[in-house]
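Below, in structure tokens: the form predicted on its own, a single chain.
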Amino acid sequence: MTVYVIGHKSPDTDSVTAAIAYAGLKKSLGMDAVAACQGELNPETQMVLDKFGFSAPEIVTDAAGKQVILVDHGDLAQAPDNLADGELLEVVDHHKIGDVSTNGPIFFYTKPVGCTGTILKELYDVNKVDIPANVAGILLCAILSDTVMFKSPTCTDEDKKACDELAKTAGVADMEALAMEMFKAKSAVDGVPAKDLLFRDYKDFDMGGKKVGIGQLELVDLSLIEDVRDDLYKAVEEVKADGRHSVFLMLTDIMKEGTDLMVVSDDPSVVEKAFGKKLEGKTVWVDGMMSRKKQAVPPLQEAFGA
């Protein structure tokens, strides 16, 4: 039976490349595994796959009747629909342990590193399987993306070591140039509908029993979205109105290393509780905020009483 290796909803470079890399590893170990993703690729991920000669994985959004492996997530909100009607075989992730459960023991591997790609490098090594150069290339890109070229507080020495080794395997001489190429692709906003930008990297969370959405748009310069700020705010309002208590959009400036946090909430005071800054208008600047996982979600969960 085919096993689908699937990343989270609103796929990003880590989730897509992790699915490709882990499906390749499992196939080399005798499993009929295929990579899948839960939506269309964002510009950065498309650039990465094109650069290293990969096609986009097939789109799979329903796990009913399927055997699946989850990569880069372990939350039901991020998993394919009807996961309970399929069979979950494994989880490989670098986030907090979520609410996915199983009827029996499974391989569940998570580590506090900056990227799932770092874990997959380790799994290739542990299983004594050589990483193909093109797979090394996409894993390298995933780590550079998730750690924002090592600027994110989620970055560890293990991530940096993995990048050094993957770059050698992939034949990449200048990691910084590769990262900038990716960031420019990630910053592409011209002609993209505001709601698509919001959902480019978006996740829903349960915080204190309330549904809270957090999107992130990483840009080399916030001036790139000045002309669409009002449209982005309207998109946040629409998504919030669809049964959510709050929706936050992190407008992250990669070069200035901070985030202009756009907020629509039933209780705007959670912003001050979480970040020590009062919301005035539609956004608040949070200096140094680069990571949703480490710098946005934990303080918001505490503010919501989760």
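Numbers follow the displayed sequence, beginning with 1. Everything quoted here is computed from the prediction, not taken from an experiment.
What follows is about the form predicted in complex with a further copy of the same chain, which we do not show.
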- Item | Heavy atom of Gly209 within 4.5 Å of a further copy of the same chain in the predicted bound form | no
- Query: Taking heavy atoms and a 4.5 Å cut-off, does Lys111 contact a further copy of the same chain in the predicted bound form?
  - Reply: yes
- Taking heavy atoms and a 4.5 Å cut-off, does Gly191 contact a further copy of the same chain in the predicted bound form? no
- Answer with yes or no whether Arg229 is in contact with a further copy of the same chain in the predicted bound form, where contact means some heavy atom within 4.5 Å. no
- Item | Option from 163-171, 210-218, 132-140, 88-96 whose residues, in the predicted bound form, bring a heavy atom within 4.5 Å of a further copy of the same chain | 88-96
- Query: Given that a further copy of the same chain is left out here, which of Ile106, Ile225, Leu76, Ala185 has a heavy atom within 4.5 Å of it in the predicted bound form?
  - Reply: Ile106
- Within 4.5 Å of a further copy of the same chain in the predicted bound form, do we find a heavy atom from each of Thr102, Lys293 and Gln301? yes
